[in-house]
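As a starting point, one isolated chain is supplied in structure tokens, in the form predicted on its own.
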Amino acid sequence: MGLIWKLDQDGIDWDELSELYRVAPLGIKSAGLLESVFTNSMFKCFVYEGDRLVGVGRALADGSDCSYLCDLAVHPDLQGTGLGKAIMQRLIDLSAGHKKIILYANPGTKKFYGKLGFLKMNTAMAIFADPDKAIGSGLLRAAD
């Protein structure tokens, strides 16, 4: 069965999306939170296999300067098939014309994103709601 791509959020089952993030596994994200962040994102991709949501990604973008790609999730049944790469490429294409395309990635994913043209930033910094947890998981390192 072919994949169906949807670039808007009309008719999205936010509970199903929440479950996709759980099984991907990308953590627990409530349906309400996901509806809010996707609503506030300029670009979004939802990928279905039949009626089942199997992949998703979004980009926060301002239309000119910066597009921030985030929340890529692929169902475990389709991980390793190229779907994640296809979602990222679609978001990159949608973000064309922005001066910079940025992404936030989990440790161990540099090789995957490097194949899509992303380079490591030397100047990025962040404030997390739970910095100790982010440091412990390798997302942040303590200030020098």
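Residue positions are given as counts along the sequence shown, with the first one as 1. If you're wondering where the values come from, they're calculated on a predicted model, not measured in any experiment.
Beyond the structure shown, there is the form predicted in complex with a small molecule, which is absent from this document and is the topic of what follows.
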query: Among 44-52, 57-65, 31-39, 99-107, the region lying within 4.5 Å of the small molecule in the model of the complex by heavy atom distance; finding: 99-107
query: Partner contact for R90 in the model of the complex: the small molecule, 4.5 angstroms, heavy atom; finding: no
query: F118, heavy atom within 4.5 angstroms of the small molecule in the model of the complex; finding: no
query: Contact of A24 with the small molecule in the model of the complex (heavy atom, 4.5 Å); finding: yes
query: Touches the small molecule in the model of the complex: L94 (any heavy atom, 4.5 Å); finding: no
